[in-house]
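Given next, in structure tokens, is a single chain: the form predicted alone.
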Amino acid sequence: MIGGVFIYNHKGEVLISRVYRDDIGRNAVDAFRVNVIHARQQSRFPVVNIARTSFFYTKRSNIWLCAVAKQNINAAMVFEFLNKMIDIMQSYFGKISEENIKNNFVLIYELLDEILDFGYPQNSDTGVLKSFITQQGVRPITREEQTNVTSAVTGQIGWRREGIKYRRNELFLDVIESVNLLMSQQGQVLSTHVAGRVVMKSYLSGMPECKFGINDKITVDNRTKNPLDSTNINNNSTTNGSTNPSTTTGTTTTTKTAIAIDDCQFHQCVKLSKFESEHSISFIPPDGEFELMRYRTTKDISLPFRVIPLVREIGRTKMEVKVVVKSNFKPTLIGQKIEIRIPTPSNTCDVQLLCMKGKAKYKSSDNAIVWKMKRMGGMKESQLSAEIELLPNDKKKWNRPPISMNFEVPFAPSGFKVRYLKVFEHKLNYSDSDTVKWVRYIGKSGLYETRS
């Protein structure tokens, strides 16, 4: 298993050093500093083998986190541990920085001792850790707290403590999707996929059980071959108490009643047995914000925007560029935070711009024209024209990079739709109708490119 964990700053100085096994010595610390941090060429691989010792590392801001092992161990498990360690530290003291690590080094050592036992990962749930490790350090654990921790470790509900009470029971659900696209100059889709997340904020009293339903039928390639049957649909329960416009109109751009999901992952609170047998997502939510589900789909994606480029080279010293952007969603919806980056040759000396909407600017440091629009309605189009003056250049012909686009739209491009979201709490006797629920759809650009 893991022989040691080290945290370095950008200079290679060791901020945290915790060794769990005798086969890891001080020379391992210096080996990573010399061969990775201070190397002339930055390593492209997250795993480096030096003198029969494996170094698994990740970087956040200017901080390096490294796990060391002599044995042949599961690399995916080590990186899961490193990422979980980062999430735990962020939940305790916020941003991962050198100053925060130095100010909280006692706390970090306590966390490492709890999470790893002789190099074997143990309980890494933030809620459980916070029940007996505070910001200032370890406080005396009462018998009641000891019982709670034991029950959490032994497999009971470790992500939610009992006795939570709120004056107003609220549940927020965000469907956040990133659209990735590569399109040819002729408008042919070369590759596209959507990476989606379902993020919830739960402010519910007691130990409620929630049921979550999506589109009528769902095909999950790697989990089940049976369609998800949700014939008992209560459309009104989805937007109970919601005043967000995107709650009711977010998926009106598609008439699909089913989506095909290639793969998905659930939070540990989801009862997978019920998902397999009843085709419903049932869970007892953690308190506060958490990620309920991740999914990926590659079929029947509604592309929010299309970029149509036209590049004409006039001799060796002049170029004309025309870019048309079309929105492909309903007129009742509005896209926001729109930015198109149009690459230019490195020998560009002057650019004359004319755009119908928004603001455009040439950035010589990025060799690109940046065109920004605050918002754009559905079924609209806008155009930008540019005349580019070039310096004489004897180098090889310019290899045109793709035009990239950033945006945000109030619907799910994959067609993902929340059909119902119900809450049951039998002990405190509050019903589903007493819970205020908010549903929001957010579609964002991932790597959204069109070849020019």
Partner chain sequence: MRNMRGDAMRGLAVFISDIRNCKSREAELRRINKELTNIRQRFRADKTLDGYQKKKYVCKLLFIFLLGHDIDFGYMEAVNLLSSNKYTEKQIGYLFISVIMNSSTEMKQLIIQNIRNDIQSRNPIFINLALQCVANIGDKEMATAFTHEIPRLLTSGDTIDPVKQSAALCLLRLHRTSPESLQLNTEWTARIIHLLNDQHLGVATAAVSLIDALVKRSPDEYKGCVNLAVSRLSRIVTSSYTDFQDYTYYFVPAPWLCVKLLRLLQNYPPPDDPSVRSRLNECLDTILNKAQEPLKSKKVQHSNARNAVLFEAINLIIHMDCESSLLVRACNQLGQFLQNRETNLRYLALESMCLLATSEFSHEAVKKHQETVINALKSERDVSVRQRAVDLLYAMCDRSNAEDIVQEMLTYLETADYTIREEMVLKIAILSEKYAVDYKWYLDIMLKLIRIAGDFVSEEVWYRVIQVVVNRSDVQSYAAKIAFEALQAPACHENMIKVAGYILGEYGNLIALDLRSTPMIQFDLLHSKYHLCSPTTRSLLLSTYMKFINLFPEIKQHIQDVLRHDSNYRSSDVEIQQRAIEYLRLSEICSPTVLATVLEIMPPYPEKQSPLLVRLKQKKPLMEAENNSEPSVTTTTTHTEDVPKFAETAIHLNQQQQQQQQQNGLLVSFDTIESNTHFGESTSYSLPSTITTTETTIQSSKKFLFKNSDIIFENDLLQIGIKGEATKHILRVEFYYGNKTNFNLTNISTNITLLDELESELRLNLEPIKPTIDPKAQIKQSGTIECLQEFRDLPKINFSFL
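Quick caveat: nothing in here was measured; it's all calculated off a predicted structure. Superpose the two forms; the largest set of C-alphas matching within 1.5 Å is the rigid core. Numbering follows the first chain given and starts at 1.
Below: the form predicted in complex with the partner chain, not depicted.
Student: Only one of 117, 320, 99, 350 comes within 4.5 Å of the partner chain in the predicted bound form by heavy atoms, so just point that one out.
Tutor: In short, 350.
Student: Quick one: does residue 366 come within 4.5 Å of the partner chain in the predicted bound form, counting heavy atoms only?
Tutor: Looking in the predicted bound form, residue contacts with the partner chain include residue 366, since a heavy atom lies within 4.5 Å.
Student: Taking the shortest heavy atom distance, is residue 42 within 4.5 Å of the partner chain in the predicted bound form?
Tutor: Flag for residue 42 set to yes.
Student: Since only the chain is shown here, I'm wondering whether residue 29 would be in contact with the partner chain in the predicted bound form (any heavy atom pair within 4.5 Å).
Tutor: No, residue 29 sits far enough from the partner chain in the predicted bound form that none of its heavy atoms falls within 4.5 Å.
Student: Tell me, yes or no, whether residue 362 is in contact with the partner chain in the predicted bound form, where a contact means a heavy atom of each within 4.5 Å.
Tutor: Yes - in the predicted bound form, heavy atoms of residue 362 and the partner chain come within 4.5 Å of each other.
Student: Would you confirm whether the three residues 160, 164 and 406 all fall within 4.5 Å of the partner chain in the predicted bound form, going by non-hydrogen atoms?
Tutor: No, none of 160, 164 and 406 comes within 4.5 Å of the partner chain in the predicted bound form.
Student: Given a 4.5 Å cut-off on heavy atoms, tell me which of 408-416, 383-391, 421-429, 45-53 is the interface stretch with the partner chain in the predicted bound form.
Tutor: It is the stretch 383-391.
Student: With the partner chain taken in the predicted bound form, which residues across 52-67 come within 4.5 angstroms through any non-hydrogen atom?
Tutor: Contacting residues: 59, 62.
Student: If I superpose the two forms on their rigid core, does the C-alpha of residue 98 end up displaced by 2 Å or more between this form and the one not shown?
Tutor: Yes, residue 98 moves 2 Å or more.
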